[in-house]
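Single chain ahead, by itself, as structure tokens, in the form predicted alone.
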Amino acid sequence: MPLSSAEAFAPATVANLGVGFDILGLAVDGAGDTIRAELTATPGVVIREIVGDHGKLPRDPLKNTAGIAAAAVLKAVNASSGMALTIHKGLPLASGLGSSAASAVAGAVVANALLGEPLTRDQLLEHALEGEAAVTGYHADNIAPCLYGGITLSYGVTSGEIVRLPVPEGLHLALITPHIEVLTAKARAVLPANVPLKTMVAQTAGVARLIHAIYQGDVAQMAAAMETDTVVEPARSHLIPHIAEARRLAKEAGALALVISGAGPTLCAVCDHADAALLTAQAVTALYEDAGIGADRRVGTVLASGAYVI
């Protein structure tokens, strides 16, 4: 039965995991977006309020990832009623933490909850992807882990083409977000149009090595494989100031690897215990503060469950 109101949370995500461009991602425990939906007699979706975006996101539901995803759910079930959304952005925009994906997933999940959950989680995937596509393109590297949780491999955009991978025990993350914006479109524009065969072989070997390490539950080997990217990160590194120094400081603090999260500028450090993650976050944040840039830091683990109704 439909409800009068519902609320859903969708987590931050780390896409690519270094070497797995556009196919790998994980959900992060802690930060994310929260959306409240209220049933209305008028068909369609309206956005009542957005909190935490500093006025940057469109209030037009046809241009907002959450609004598009919620409207897609309404259309899928031929709903005669509508809904009003209040969006609380817990994630910074253009940060490499899957902000647009979190809003799209939360929009789909909360709409489904408000209508009495007529759709399965797999069915919601398509509608969340519609929302994400309006901003970053039709791919599931952020949407899949945000919706399903854990670590995911997406070799397509249907539920049958998404694999949930095991989460290695002892995996801890430090996420440092410098106070700069890296727009996804710009981060994609700097990528090479052609890749030499030798480079492609090395890249695919790195992905295979990473998947193997994840299934082995080997955090150290997972971290080492993540840093083998020879295509995407080298092309994007100039967009993120002090990345080489950040990597050096992270490893001195106990991190096993440091890679760009998604399109950046967030940097994701892989650690095998919580203390190392905290020390790494502190050290790299201090680097950006000393440089006059500033940064936010988060530490945590992988969220196994993905988006959920509150």
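Just so it is clear, the model here is predicted, and its values are computed rather than measured. So that there is no doubt, residue numbering starts at 1 and follows the sequence shown.
FYI, the form predicted in complex with a small molecule isn't displayed, but the following is about it.
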Original post:
With the cut-off set at 4.5 Å between non-hydrogen atoms, does residue 172 touch the small molecule in the predicted complex?
Top reply: no
Original post:
Is there any non-hydrogen atom of residue 15 lying within 4.5 Å of the small molecule in the predicted complex?
Top reply: yes
Original post:
Is residue 164 a contact residue for the small molecule in the predicted complex, using a 4.5 Å heavy atom cut-off?
Top reply: no
Subject >> residue 236 within 4.5 Å of the small molecule in the predicted complex, heavy atoms >> reply: yes
Subject >> One stretch from 105-113, 122-130, 218-226, 138-146 that, in the predicted complex, holds residues within 4.5 Å of the small molecule by heavy atom >> reply: 138-146
**OP:** Taking 4.5 Å between heavy atoms as the contact cutoff, choose which of 159, 203, 184, 86 touches the small molecule in the predicted complex.
**Re:** 184
**OP:** Go through 263, 257, 281, 28 and name the one with a heavy atom inside 4.5 Å of the small molecule in the predicted complex.
**Re:** 263
